[in-house]
Each structure stands twice: as C-alpha cells, then as structure tokens.
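Listed next as structure tokens is one chain, alone, in the form predicted on its own.
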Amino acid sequence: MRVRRSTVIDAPVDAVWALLRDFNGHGDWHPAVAASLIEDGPTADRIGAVRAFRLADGSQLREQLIALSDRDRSLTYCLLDSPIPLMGYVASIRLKPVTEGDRTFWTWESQFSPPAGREEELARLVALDIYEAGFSAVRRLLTKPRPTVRAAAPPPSPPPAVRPPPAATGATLISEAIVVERHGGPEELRPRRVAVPPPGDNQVRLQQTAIGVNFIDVYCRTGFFDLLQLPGTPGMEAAGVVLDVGPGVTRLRPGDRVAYACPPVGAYADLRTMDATLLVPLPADIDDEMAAAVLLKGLSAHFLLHRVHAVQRGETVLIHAAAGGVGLLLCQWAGALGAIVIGTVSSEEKAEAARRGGCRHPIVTSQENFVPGVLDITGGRGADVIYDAVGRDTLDRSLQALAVRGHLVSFGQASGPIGAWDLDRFTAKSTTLSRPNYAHYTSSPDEVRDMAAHLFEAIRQGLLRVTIGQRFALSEAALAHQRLEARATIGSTILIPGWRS
C-alpha cells in the first residue's frame, strides 16, 4: 500500500527543514511520541542512524535513516521494529518552498505491506495518527502571527503555562540546568540539578520558558571569555515568567512576562534568580520564544546599525554570516534604512535565507572569494561599512573589500581571534576600525529598555522578521553548540526547558 499526505506550513522552508532534518526527532513535537533518542551515539543526520522511540501509549519502535539531502530538503527512513504490523514500511519526507508567502509545501508518504483485511485500518492510522497529527503539531510549533503595524493596544495574549509558584515564599527550589565544570568542547555542557535561592533585595525568581543560544556562550564554554566562573551555568538570554519577587521590587509582580539579554551568565536553566533591574517587560504581541530568539541579537543589531555606525540611505553594507541570527537582523534592518546590502554565506541554502531576509547580493564563500564580488557589485569602490562577526578568517579580506574612508566593524570572532594588527595597514584607505563591546552599549537599564522598545516596534511594523531556525531541549545544549560551531544553523537557536519540552 501507498499512503501520501501533503500540507502547507505557514513558515519558511528552512525553519521547517531545520526541525525535520533531525531524523524523526518527534519527541520534540509529535503528540504520539513521549521520548526518542539516537542509538549508539552517531549524529541524527548520519545515514544508518537508528532512532528508538517510546510512544505515548508506552509501546516502543525503532526506525533507521536511509537517505538525507539538505539540497532537496528530503529524508527517507524505514521501520526496524514496531508494535504495528507495517511490514516493509519505508517513508519519505520532502519539503519545497511555496513561491508566494514564504511558506512550505510538505509531502509525507510511505509504502508498506499490511496483513490481509487490515489495509483500510492501517492506511487510516498512518495517514491520520502519524502524518496529519504531525502536520498539525509542526504547524502549531512554527506558525506565528505575522507582525502588523499596531494602531491600538493589542489584545492581551493568553498567559503561558508555568509551573505554579512555590507554596511558601523564601523556599529554595531545585532547577534543571546546564553546568560547565571545566572549559572545553560542547561535551562539557552537562545537565545537572541545581538549587535556586529565593529572591533577595531587588531580585526576582523566574520560571524560564525559552532560552537564547549565542556565540558568546561558546566563548564562555571554551574559556575565551572569562564571564563564566567554574563550575557554572552559561547563557546570557532568556524569556520567562516572574514566580516571586524580593523586597524592594516595585515594577514587577508574579505572573509578569519578562526577558533579558545581559550578564551575569546563567540562562541555561529552568529557574533563575536575578536582579530585577536587568529584566525587560514583554509586550503582549512579543511571545516568549521570539523574545529569547531576538533580544540579545536585536539589541546588538540596533547599536551596530544606529550607534557604532549610523547607516545612511544609499550606503553599501557588507554583512558576514548573513544567514545567522544577528546577520539576518542586520540584513533586514540595514535594508529598511535604505542601504544596499551584500552578505556572505557558506551555502546556497543560506544564500536563499539571506535573500529572503533582505540581502540583495548574497555571496557564497564556499564557491568564490567575496572580495572580487564586493568590488564588482560596487563598481570597484568597495563597501562603506562591513560588519564582521567571523574574525580571523575574514578580517584581512574585509579590509580589501572596504571603500576608502570605510568603516570596518569587527564585533565577533567565530573563526578564531583576530590577533595583532599593524595599524599602519589602515592608513592606505583611511579606514575606521571599531571593536564594540556589547556590555558597553547595554550597561544602563533605561538604555536597554529604550533599545528594546525600538526593536519591538521594528518587529511590529514588519521591518524585522525573527527566524527561529532551530529548537532544542535544554538537555540538548551540547548538540545546539555543535550545530552552531559547525555553521549548520540558520537564524536564531533557542533551548526549551525540560518542563515544557
């Protein structure tokens, strides 16, 4: 028998593929699956990987990955063991972008041999309980309301599901957290249970609902930045709900939705106690996942485009890592300011994502040197400003691609430290070099709230669209870091605490 179902998901194809390419990681979204894991340690996208499932009814099954193509956004798998008699079951998933509306066309089909007399029953089970239920779950997970210009106060959003506050104030609670005990690779991110004290003077305790993943977290994990004191919990960005407040807190109360994007680190946790002045109240039209995905990156984009270098209409802007979390925001916002946007990416897939994000001229660096491309686009003049978060691998060529009296903004070093530079090299083009520090632009709570208000308004007006390309359970923080460092992510990556996932 052959069963085939298809649907349209109102979300970008790259966001849907980022969820589905984690070979049947249904435990994160399918209602029939209680838990799943890859056997024997290979990555989920390795051909031959076997995923074991525990279903919601307590039964178990095993599936094996046969084929996967990022180019075609497709994967094929088969059943190895199943409580349902679907003999010879082989299934395929394929995604295609919908030409209009930045949506995704998803086809899910399978072939199998049912026992005689059960053809109709099993075909209906596969079509409805597996495929249609999966479509609905992914649609709920990825489809967000499209932002519009707000003419009046938006209707209040329903309160998020949160863990009830502690029965008595002053109680210490136990939280799931990710702890780094020694500097090193992603494997040093280990789930632990930690004590979360009650809020003290001018503090609040949060139930976190979504946690942002940023490259600064990698720097903390490796010890390149000294923000993380060992043993400790990394993370600078999250959204959640106030559980209880300490003495002196007047602007917040239990039940308020808030977010933050600042040190001290410690965001990779279910619960957290922190200074109330560091929190930004969330408006009803900015949901928790969007806030965790955009606040740190959005504040960065704001000061990079408006303060470090105030982009002017008609300027040519080069943005490295244009399909990343900050990169996509820079592309959109710079385009809205009237700039001509060039972006570098590592693959055709990311080029398409950058193009949809407002990058007029994406350059795939795995296929060509970006310097000739920039000079060709600008008629030999070069870019007026270059935003470089890559560092060691790009900085020298960024200088070559810069216009005379251009501004080189080096705000990250994903490929490694930039090392020592001879300042005389900048004289040849009268180059301005900036090395902005996030903390120096977000040191004042009032300044952070002003920038956040500007950011949220840009989202409402449709100037910025927040792309959440990857969601991981909090316990999968190590996998999230692996993907981030491998440049295998698009847009923002968030972690979902275990009580929600």
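Bear in mind the structure is a predicted one, so any value in this text is a computation, not a measurement. Numbers for residues come from their place in the sequence shown, where the first is 1.
Here the subject shifts to the form predicted together with a small molecule, a form of this protein not shown in this document.
Ala414 is the sole member of Ile377, Met274, Cys262, Ala414 with a non-hydrogen atom within 4.5 Å of the small molecule in the predicted bound form.
Note on the partner interface in the predicted bound form: the residue among Phe215, Trp421, Phe105, Phe426 having a heavy atom within 4.5 angstroms of the small molecule is Phe215.
Contact annotation: the small molecule lies within 4.5 Å of heavy atoms from the stretch 325 to 333 in the predicted bound form, the single such stretch among 124 to 132, 277 to 285, 227 to 235, 325 to 333. Candidate site formed by Phe23, Val90 and Ser136: none of these residues places a non-hydrogen atom within 4.5 angstroms of the small molecule in the predicted bound form.
In the predicted bound form, no heavy atom of Cys220 sits within 4.5 Å of the small molecule. In the predicted bound form, Asn437 approaches the small molecule with a heavy atom inside 4.5 Å. At the 4.5 Å threshold, heavy atoms of Arg205 stay clear of the small molecule in the predicted bound form, well away from it. The closest heavy atom approach of Lys297 to the small molecule in the predicted bound form falls within 4.5 Å.
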